[in-house]
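Next comes just one chain, in structure tokens: the form predicted on its own.
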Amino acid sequence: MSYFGEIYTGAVSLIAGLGVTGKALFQPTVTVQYPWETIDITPTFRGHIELVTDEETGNFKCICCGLCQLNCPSHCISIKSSKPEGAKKKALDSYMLNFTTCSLCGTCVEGCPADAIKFSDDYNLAGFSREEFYFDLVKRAREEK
């Protein structure tokens, strides 16, 4: 290829690249300035699980059956419950979630017969140690009230 041929192909390539850049310059921005701006979460977002409370009574819907713990392939859920004297049902004492091993598969949410757990909208999780991702969901739900 001759000297002038290379200059010609280089100029054509430059004009094509400037065309792409110019087209992108006048399109609306897609990115957000993250810590200061946030985007809306999609309805299908899967964060860590959280307990659902009954709106009428304010108690947890969890019936302490343990199916979520049994269905979990990652073994990241552990439930402790007790039966108070004179009560008909078990009371939920702690619901521990080890989010470091959770695969967000959803079998715990799907398998719950009382619809007592759901995925949260909390997407901004950050921490410096693994212990920060061991959640006591009973304690977290009571603190949010």
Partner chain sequence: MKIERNLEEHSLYLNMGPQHPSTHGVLRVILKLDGEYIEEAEPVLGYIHRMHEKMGENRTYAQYLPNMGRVDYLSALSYNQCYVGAVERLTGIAPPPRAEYIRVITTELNRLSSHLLWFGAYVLDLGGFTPFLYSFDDREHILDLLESITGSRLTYCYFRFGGVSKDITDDFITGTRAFIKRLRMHLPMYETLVTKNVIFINRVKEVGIITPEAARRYGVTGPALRGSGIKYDVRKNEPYSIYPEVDFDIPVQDGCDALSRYIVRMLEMEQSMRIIEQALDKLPEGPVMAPKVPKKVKPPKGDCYFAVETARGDFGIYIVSDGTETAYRIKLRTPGFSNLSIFAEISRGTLLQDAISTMGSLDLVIPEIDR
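Throughout, rigid core stands for the largest set of C-alpha atoms superposing within 1.5 Å between the two forms. Keep in mind the model is a prediction, meaning the values are calculated, not measured. Numbering follows the first chain given and starts at 1.
Just so you know, the form predicted together with the partner chain exists too; it's not on screen, but the next bit is about it.
Residue 103 is the only one of 38, 82, 78, 103 with a heavy atom lying within 4.5 Å of the partner chain in the predicted complex. Checked against the partner chain in the predicted complex, the residues 70, 91, 114, 32 give one hit for a heavy atom within 4.5 Å, which is 70.
The closest heavy atom approach of residue 46 to the partner chain in the predicted complex falls within 4.5 Å.
Although the partner is absent from this view, residue 17 contacts the partner chain in the predicted complex, with a non-hydrogen atom inside 4.5 angstroms. For residue 21, a non-hydrogen atom is located within 4.5 Å of the partner chain in the predicted complex, even though that partner is not displayed.
Though the partner is left out of this view, residue 127 does not reach within 4.5 Å of the partner chain in the predicted complex, counting heavy atoms only. Once the rigid core is overlaid between the shown form and the other one, residue 125 does not reach a Cα shift of 2 Å, moving by less than that.
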